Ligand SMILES: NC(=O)C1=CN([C@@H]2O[C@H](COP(=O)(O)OP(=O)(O)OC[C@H]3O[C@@H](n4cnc5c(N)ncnc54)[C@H](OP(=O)(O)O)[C@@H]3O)[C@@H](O)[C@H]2O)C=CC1
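One chain follows as structure tokens, the form predicted alone.
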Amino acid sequence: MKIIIAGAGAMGSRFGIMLHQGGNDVTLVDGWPDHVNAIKEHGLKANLNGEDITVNIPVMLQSEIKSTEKADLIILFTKSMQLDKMLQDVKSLISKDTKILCLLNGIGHEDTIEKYIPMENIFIGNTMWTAGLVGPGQVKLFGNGSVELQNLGNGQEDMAKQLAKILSDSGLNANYSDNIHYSIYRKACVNGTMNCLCSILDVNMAELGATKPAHDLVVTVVNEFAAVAHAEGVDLDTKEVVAHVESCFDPETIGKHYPSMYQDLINNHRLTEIDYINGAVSRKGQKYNIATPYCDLLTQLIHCKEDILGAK
């Protein structure tokens, strides 16, 4: 299968490496010239669970796509605010048969994707794999993870299951879901707590969990997400979701990990996806007349920190 990884940062690199090792024809596409050039010159370097490896994978700068060979599958791993631009740049690689799998953090990305391909070719999901970007052409990959995905178009369940098998055959532990929006909101609760709180407090997840207010903060934010989700027909089991979020505190698993928003904002002074996580809940709360004071405040505080650090 010819697979394009659209957005070859930390997570895109992980999927690219594993799918390449699984025998697929993989090409990375990214918008960071230093990253693309490093991979072209030296290969994609990764520390994979303590072992240093170098993988030679074709890579293209998204603004300089020259290939017209169509992709069978495009997996989206851009930042949310970069999604529309990426889809514009890769549209020459899209045919009427190309499938797009969106694994972005956040809520509502299908509205953007549908401008480029019909609904029956759109698949959405989420992943619990972790990864870190060390520098141009270098990533750190650790721990185990999984993927859930579902078709958005009617009658595409078999194709969704086929895509899950392709991912699983490369060790990505993918499964078909018949309720992916539940899973997306469930993961958004992780991002809506761990990402912004660790970034604001300048801590990893285990350090956040060691603070006395952590539990109450998690419960309150999860309840705001759940209220908005309910208005959209998704009923979260808040007790289970809180336990799921707080499992991130464990230093023996991923607790010592700094979330992606922290890496973007604190380490690299880049703009964050806050408007597509807590900010999305705030906007939807206004739409449904649901109060979301914690998500409102967390969104504003992250934007303050972006301004202070000169993020761009």
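Nothing here was measured: the structure is a model prediction, and the numbers come from that model. A residue's number is simply how far along the shown sequence it sits, counting from 1.
Although not depicted, the form predicted together with the ligand is the subject of the following passage.
- In summary, the region of this chain contacting the ligand in the predicted complex, judged by heavy atoms within 4.5 Å and restricted to 99-107, 154-162, 210-218, 232-240, corresponds to 99-107.
- Note on contacts: among Ser177, Thr130, Ser170, Asn223, the single residue with a heavy atom within 4.5 Å of the ligand in the predicted complex is Thr130.
- Interface membership of Leu19, defined by any non-hydrogen atom within 4.5 Å of the ligand in the predicted complex, is ruled out.
- The ligand in the predicted complex is not approached by Ser183, whose heavy atoms all lie more than 4.5 angstroms from it.
- The closest non-hydrogen atom of Ile4 lies beyond 4.5 Å of the ligand in the predicted complex.
- Remark: Gly31 counts among the residues lining the ligand in the predicted complex, judged by a heavy atom distance of 4.5 Å or less.
- Along 1-31, a non-hydrogen atom within 4.5 Å of the ligand in the predicted complex is carried by Gly7, Ala8, Gly9, Ala10, Met11, Gly12, Asp30, Gly31, in order along the sequence.
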